[in-house]
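As C-alpha cells, one chain now follows by itself in the form predicted on its own.
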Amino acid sequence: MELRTDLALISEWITENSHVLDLGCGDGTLLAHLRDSRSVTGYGLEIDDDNIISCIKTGINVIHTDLNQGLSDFNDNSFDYVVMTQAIQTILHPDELLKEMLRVGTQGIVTFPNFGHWRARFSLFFDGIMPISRALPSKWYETVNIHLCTLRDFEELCYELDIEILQRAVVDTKHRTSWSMRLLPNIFGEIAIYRLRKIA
C-alpha cells in the first residue's frame, strides 16, 4: 500500500502491536497500513459518511462522531497512541482536544498546515489578503480551518499545557522534506508533524 510520506513517517513513530485511536481517520488508510505492517489494533473516529463506508470495506473499526464533542467515551490511557492528521485546525477548541488526546493515549501525534510558511507571510504582507496556497487551498470564507497556527504557536500551546514534544518533522504538500525545512522549519515547512506526551 502506497502511503503519503507524512503517514509513512507517522507509522515509523508507532511501535508494533500498539493500540491506536485515529481522530478524523478519513478512509482508514493509516490504520489499514498499521494493521497490516505493524500488527496494530485500534479505532478510527470519522464524521464523513463516505469515509466511514471506505473504512468498513477495508475492515477498519470506525465510529461515527464529531471530534468537537471530545473523547469522553474513552477511558484514561485506553490507547498507546492517539493520532490526528490535518484536523486540529478545524476543531472549535484545539487545546481541549489536545488534552483529551493525551488523557486517553500515552502519546499523541498531530499534523497541521503551517500558517508561518513563507508563502502565507508573503500573501499577508504584500497582498494584504488571507493566503491561498498548496497547504491552504480554500478562500477564507470557504475554508473549514478556523484555528490556523504556526509551528511556534503550536509549540507555545504545548508548553502552556505541559505537553512534551518528543519529535518534530516538517514537510511540503508533496510530503517531502529538505535541508531548508530542517534549518528554518517555521518559514519553509508547509506541514508540521509532532509526536507528543503529557509531562508527568
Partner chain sequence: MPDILPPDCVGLVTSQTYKFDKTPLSLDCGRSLSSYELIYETYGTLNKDHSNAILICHALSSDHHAAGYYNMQDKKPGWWENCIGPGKPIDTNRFFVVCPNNLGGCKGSTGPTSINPETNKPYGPDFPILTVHDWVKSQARLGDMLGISQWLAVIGGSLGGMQALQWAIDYPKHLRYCVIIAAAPKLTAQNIAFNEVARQAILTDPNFHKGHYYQHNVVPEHGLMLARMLGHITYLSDVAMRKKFGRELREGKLNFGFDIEFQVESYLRYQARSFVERFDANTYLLMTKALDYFDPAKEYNNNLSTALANVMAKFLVISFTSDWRFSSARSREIVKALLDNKKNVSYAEVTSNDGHDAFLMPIPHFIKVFKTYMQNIPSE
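If you're wondering where the values come from, they're calculated on a predicted model, not measured in any experiment. Numbering follows the first chain given and starts at 1.
The same protein has a further form, the form predicted together with the partner chain, not shown here; the description that follows concerns it.
Engineer: If the cut-off is 4.5 angstroms on heavy atoms, which of these, Asp49, Glu156, Asp162, Asp36, is the one near the partner chain in the predicted bound form?
Structural biologist: Contact residue from the list: Asp49.
Engineer: Which residue among Leu151, Val171, Ala32, Val62 has a heavy atom within 4.5 angstroms of the partner chain in the predicted bound form?
Structural biologist: Of the candidates Leu151, Val171, Ala32, Val62, Val62 is the one lying within 4.5 Å of the partner chain in the predicted bound form.
Engineer: Are any of the heavy atoms in Ile56 no more than 4.5 Å from a heavy atom of the partner chain in the predicted bound form?
Structural biologist: Within the cut-off, so yes.
Engineer: Can Ser78 be called a contact residue for the partner chain in the predicted bound form at 4.5 Å between heavy atoms?
Structural biologist: It does: once the partner chain is placed as it appears in the predicted bound form, Ser78 has a heavy atom within 4.5 Å of it.
Engineer: Mark Phe74 yes when one of its heavy atoms lies within 4.5 Å of a heavy atom of the partner chain in the predicted bound form, and no otherwise.
Structural biologist: Yes.
Engineer: May I ask you to list the residues of 83-110 that have any heavy atom within 4.5 angstroms of the partner chain in the predicted bound form, in sequence order?
Structural biologist: Nothing in this stretch is in contact.
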